[in-house]
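Next up is one chain by itself, shown in structure tokens, the form predicted on its own.
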Amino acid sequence: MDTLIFEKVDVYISNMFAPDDATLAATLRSLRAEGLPQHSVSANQGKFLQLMAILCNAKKILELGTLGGYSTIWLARALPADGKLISVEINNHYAEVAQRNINDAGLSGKVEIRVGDALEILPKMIHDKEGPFDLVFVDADKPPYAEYFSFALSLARPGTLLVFDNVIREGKILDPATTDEKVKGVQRFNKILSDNPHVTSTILPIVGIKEYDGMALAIVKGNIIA
């Protein structure tokens, strides 16, 4: 089968169910203008995240990896008037671009961007008892995915939805001899996720304009807050 069909179908779905409005289109343009990597979720994936947030009645969302704020906007739009989204971004320039996009989207009252290393920020959030969050979306650097998962559990409650992006890596996760640190990080995370008794989880393979990848989905089953 011609793999171009996957891209065409993705565009077909996005055009029907997740068309970019002026704000989302401007956000994507800002990434190109500011030299940010084109690593945002697709429009269809953004709509999927929004649906997941609505489905779990999210009032508090944690995001790791803000980039230019594209996924942040999709998620924040699902929040009620008194909802809150905290997004953690290690790159100061990315955070500045994202903040402008968040402001332009009229979401500055719901979204807080914290700049720094999530491996340092998350333990402080746990110490300060900032959880529990209703939904956690992780689309950050891949080597510490397992650590992010552990911290996310400590900021969760029974019923919290955890979503981790890019866990198929174009099928490279099947290579046990890989030397790619991103792939190795995802392999480690996938194994830990599948073995964890505190969540019900699976991986959703995704093909489309983002080529071949997938999202891990997990629902927290019990009280595991440290």
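Start at 1 with the first residue shown and count on from there. From a predicted model like this one, the values you see are computed outputs, not experimental measurements.
FYI, the form predicted together with a small molecule isn't displayed, but the following is about it.
- H39 is the sole member of R29, K59, H39, R157 with a non-hydrogen atom lying within 4.5 angstroms of the small molecule in the predicted complex.
- Taking the partner from elsewhere, D20 is found to have every heavy atom lying beyond 4.5 Å of the small molecule in the predicted complex.
- Using a 4.5 angstroms threshold between heavy atoms, E63 stays clear of the small molecule in the predicted complex.
- None of the heavy atoms of K191 is located within 4.5 Å of the small molecule in the predicted complex.
- Shown alone here, K47 lies farther than 4.5 Å from the small molecule in the predicted complex, counting heavy atoms only.
- Listed stretches are 197 to 205, 183 to 191, 50 to 58, 162 to 170; the contact stretch with the small molecule in the predicted complex is 162 to 170, by a heavy atom cutoff of 4.5 Å.
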